[in-house]
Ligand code: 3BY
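Only one chain is included here, represented as structure tokens and corresponding to the form predicted alone.
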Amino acid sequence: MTMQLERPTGHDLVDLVERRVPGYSLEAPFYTSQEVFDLDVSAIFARHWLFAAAEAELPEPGDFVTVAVGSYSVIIVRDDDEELRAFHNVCRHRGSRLLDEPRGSVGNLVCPYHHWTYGVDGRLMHADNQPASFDRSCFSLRPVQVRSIGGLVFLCLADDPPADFDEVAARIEPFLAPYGLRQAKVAHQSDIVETGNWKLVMENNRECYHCDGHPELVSAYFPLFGYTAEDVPPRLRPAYQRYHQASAALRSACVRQGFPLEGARELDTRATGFQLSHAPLDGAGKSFNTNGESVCSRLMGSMTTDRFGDLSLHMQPNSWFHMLADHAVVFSVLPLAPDRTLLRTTWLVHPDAVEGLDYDVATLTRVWQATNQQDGTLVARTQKGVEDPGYRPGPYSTVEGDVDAFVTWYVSRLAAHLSR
């Protein structure tokens, strides 16, 4: 087979997708082209389940968040029965945007233009100056598919969402349940706009080949993600030995807790690609902090030990999650432009944890605030590189299997969309 690594002269999308070389990074237009970006929104973000929020962001009836996905805007709201609902953020009268704020609380949803009023269940309750024949029941807000897995809220803009989501949810839920994410509270949330394509943000997350650049993180996190025993270089051998010892202790803790022992890796073999892994932490082995020390004195959910490692969940196409005994950190990625991406990071703690007593925000967030900034710099450098005429796709290393899996999943989903 002849590998075509030259920068394409045209943007024929089918040809671009079909000539992707397995084991290599993508060609430049995948990261730079407006045409490809628009395809990503329609084929990936408008057709797959997206992580949108934590239930902890919507603790009370009337609480809402808005989520922007390309030209779509979606309202997620907790209704009066405390169920989650999602609607297109578009008035059914003449199309005005209903809510501008990223989050808040409402009694009803009132259009600021002509004051059409909707309940938090989406029903049209009031519309002035309509004829006697007007049927309000025909003009409810257009619903969007929404689901919660263990307190993590996903939405899908498609009328026919991927059918495997229920199976994936059933696989994931037992791992999440002990952390009590549905009852958790938001301790902090941070938004960063990274100067890079959304796929570069995701690819960067899916490997630890660069983790030497994260000194705060590797104080507690073993920089061995994606490595096998054969891959570990001499400089990481001491960490690898500590990792093996800590793994045995973590397995014993899981048995005592009645926690599932085996993870799963189905990143590129299904529509709703995912990976679950549970790894020990270095040092004290408790949390993302200097030498692995705790950052919150109240443990999550039904946790009975503060040394329970890092339960990591990856979901295609836009999210990753870290659950620890004393807190959780959840990440969502949303595309803004071919070279701009929103990364939202949310820290969750026990609902009864008291700021200033059980935790302080600076310590809780220090590791991932620093890591996000460092990753943002790396993504921006890569974006500059793929925009350079000198760029050619390069081969993935032996420890970048999850990057290859993400790209393989992405290309296969584009191919399926283009063949419809």
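None of these values were measured; they are calculated from a predicted model. Residue numbers run from 1 along the displayed sequence.
The form predicted together with this ligand exists for this protein as well; it is not shown, and the discussion that follows is about that form.
In the modelled overlay, this ligand taken from its pose in the model of the complex makes no contact closer than 2.4 Å with any backbone or C-beta atom of this form, which marks the pocket as open. In the model of the complex, none of the heavy atoms of D121 sits within 4.5 Å of a heavy atom of this ligand. Remark: T346 does not count among the residues lining this ligand in the model of the complex, judged by a heavy atom distance of 4.5 Å or less. When contacts are judged by a 4.5 Å heavy atom cut-off, H314 counts as touching this ligand in the model of the complex. Among residues of the shown chain, N205 is one whose heavy atoms approach this ligand to within 4.5 Å in the model of the complex. Taken together, M303, F308 and M323 are entirely out of contact with this ligand in the model of the complex: none brings a heavy atom within 4.5 Å. Looking at 157-165, 206-214, 191-199, 131-139, the stretch with residues near this ligand in the model of the complex, meaning non-hydrogen atoms within 4.5 angstroms, turns out to be 206-214. Checked against this ligand in the model of the complex, the candidates F225, F274, Y72, Y240 yield a single residue with a heavy atom inside 4.5 Å, and that residue is F225. Residues from 362-383 that approach this ligand in the model of the complex with a non-hydrogen atom within 4.5 Å are limited to W368.
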